[in-house]
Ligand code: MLT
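Given as structure tokens, the chain that follows is alone and in the form predicted alone.
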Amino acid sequence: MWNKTSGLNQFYNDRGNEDGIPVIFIHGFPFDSSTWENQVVALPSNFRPVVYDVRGHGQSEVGDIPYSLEFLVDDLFALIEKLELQQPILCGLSMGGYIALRAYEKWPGLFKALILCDTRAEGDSNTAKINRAHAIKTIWNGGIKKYAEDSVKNLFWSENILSKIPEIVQIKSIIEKTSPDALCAALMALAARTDSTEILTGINIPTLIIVGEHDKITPPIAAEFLHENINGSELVIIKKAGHLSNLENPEEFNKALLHFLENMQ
């Protein structure tokens, strides 16, 4: 299905019970909504899972360049408006977590709960900005396959690179199919995003924080910082997982997700 209220064709899939509690899954960079399939099918019938492709990713249009994180947040609001979702739960991984935190900052009364996965509140460090610049150069020089290959080495726990072959193939394929312009635009938007640390102590809705124990990109220490600063939050560390904890260990991820959602009913 397509949403044009954000000014571009944005792909989304609204599944489950229309009268259920809406849960919006926001994928990370540079993936698409298909990475949430293990979670969507696991939700009980009294929930309404909604997935979508962030602009420039998956089946969504690239739209105008350059990007800002604010554009991605406004796209989320446009989807919520189109579907007339009341008090949705936001579940965001990595970039999806950045979007979720900024959305809460802009409209805190809109959401029922937050699920922040393998993400952080801080803006990019200088080192991270430099690394994003190097990635842009690689992509500009026609090295999208190299970029995809380099990415999976950081995204997955080293032991899962050898054992999670279908997941590795899936992620590489998604990256290689993504527009180079969109990849570069998203990288610049992430490098320039605002810091969300100041809002953490003001979050007053149920919040679950999930992180892979071997996450090199947003390590457990970043999740612990979120947990320490968000009053009443829950923290779950997923064993045998790196940055893509929902793909690398979906059984443990779903166990944490469903336990948290039980209290939302």
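One-based numbering along the sequence shown. Treat the numbers as computed from the prediction; the structure is a model and nothing was measured.
Beyond what is shown, the protein has a form predicted in complex with this ligand; the following relates to that form.
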property: F31 within 4.5 Å of this ligand in the model of the complex, heavy atoms; result: yes
property: This ligand contact in the model of the complex: L69, any heavy atom under 4.5 Å; result: no
property: K129: touches this ligand in the model of the complex, heavy atom cutoff 4.5 angstroms; result: no
property: Close approach of V62 to this ligand in the model of the complex, 4.5 Å, heavy atom; result: no
property: All of Y52, V73 and A100 within 4.5 Å of this ligand in the model of the complex, heavy atom check; result: no
property: Which of 165 to 173, 135 to 143, 108 to 116, 90 to 98 sits within 4.5 Å of this ligand in the model of the complex, heavy atom basis; result: 90 to 98
property: Among the candidates L85, A182, A78, L190, the residue which, in the model of the complex, approaches this ligand to within 4.5 Å (heavy atoms); result: L190
property: Heavy atom within 4.5 Å of this ligand in the model of the complex - the one residue of L235, I217, A42, A222 that qualifies; result: I217
property: Contact set, 225 to 254 vs this ligand in the model of the complex - heavy atom within 4.5 angstroms; result: H243
